[in-house]
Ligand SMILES: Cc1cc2nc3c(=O)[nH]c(=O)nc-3n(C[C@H](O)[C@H](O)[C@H](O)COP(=O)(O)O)c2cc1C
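Quick heads-up: it's one chain on its own, the form predicted on its own, in structure tokens.
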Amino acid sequence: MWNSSKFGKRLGIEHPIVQAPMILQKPLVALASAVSNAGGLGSLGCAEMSVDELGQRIAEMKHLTVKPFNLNFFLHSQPTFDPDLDKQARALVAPFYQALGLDLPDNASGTEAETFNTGKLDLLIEQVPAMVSFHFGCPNPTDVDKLKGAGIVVAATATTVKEAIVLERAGVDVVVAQGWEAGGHRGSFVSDYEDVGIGTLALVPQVSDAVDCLVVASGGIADGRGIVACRALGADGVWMGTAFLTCTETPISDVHHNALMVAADEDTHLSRAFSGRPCRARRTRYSTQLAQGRPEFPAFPLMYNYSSPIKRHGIAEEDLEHQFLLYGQAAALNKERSAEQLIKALVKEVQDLVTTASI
């Protein structure tokens, strides 16, 4: 059967469907636990959590589900403040600050974003989630060995074959092959240009051929057709984010929800203008204007110092053109329903396609 995958068996889940670990204004505990309870693999984006909050969210997940779940972390390096880039960024955003009546930040040299550290590693080894996944880089092989030694499956994102090979050599169990279509930040760590990328259809079979570890497909997968296609291309499972954004358990704003419900295939683009790293989000006046001339921005996550006040204003005023709405190219296929209903619909669609396939 389609769901008798090595990935599903390894994780102890009924369906090889991972809900991507998105970071929204509120934690996704309700969504992630619902996905796990429905037979998929729920995920929490933990990159911005302190050790204390991470422990709290793990406890909440274990209270709501006894099923496996995934915790995701960023592997970005600590950025170096560049006065010249600071000056350039201020000049780029100044017209928006002036138009919105905002004051430019006094100091944009610092960041509260934590990198993956020993405290988080120790907590994970103590709590033993089913899977720990990484984005933006290759995890330290020593950390990988420690996590695997505790019985935790380790995954990491690759956007090219070259990155997939690097990850396999580091010892990861699962490579998440993230195609160009995916919403949110690209997990690139070898090539991270916003105008360079490989689509899921081309990436997945090449990664599957290049590595022996498990491969999970990500990017533009919205329904049973996408799942069947990715499984046929060699993926052991799928990683879906945008499809879960309109689930009733997902804490997104009405503005974000309404944008998704009328989304079209050309709504989004990749831009560094929000965070300093390429990220697929809804095309806005802000992101489009800042993309002109392809300027260099302060490194992730320093760029948030310049973009976040604009985003906060957009949220407060329900102004769509000044928000940072993450979603992928297949958002037009979204429907409003619960996580359980979505999982059941995906399973039925796949089973119907497999049963009636005439290709």
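Because the structure is predicted, anything quoted here is derived from the model rather than measured. Throughout, we count residues from 1 along the sequence that is shown.
Absent from the display: the form predicted in complex with the ligand. The rest refers to it.
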* Structure fact -> Interface check vs the ligand in the predicted complex: of Tyr327, Phe69, Tyr306, Phe300, the one with a heavy atom inside 4.5 Å is Tyr327
* Structure fact -> Residue within 4.5 Å of the ligand in the predicted complex by heavy atom, from Trp239, Phe274, Phe189, Tyr286, is Trp239
* Asked: With a 4.5 Å heavy atom cut-off, would you call Met22 a contact of the ligand in the predicted complex?
  -> yes
* To do: Look up in the predicted complex whether Phe74 has a non-hydrogen atom within 4.5 angstroms of the ligand, and give yes or no.
  => yes
* Taking 4.5 angstroms as the cut-off for heavy atoms, does Val172 touch the ligand in the predicted complex? -> no
* Asked: Though only this chain appears here, would Pro278 touch the ligand in the predicted complex if you measure heavy atom gaps against 4.5 Å?
  -> no
* To do: Choose from 178 to 186, 161 to 169, 91 to 99, 117 to 125 the stretch whose residues reach within 4.5 Å of the ligand in the predicted complex, heavy atoms counted.
  => 178 to 186
* To do: Using the arrangement in the predicted complex, list in sequence order the residues of 208 to 227 with any heavy atom within 4.5 angstroms of the ligand.
  => Ser218, Gly219, Gly220, Ile221
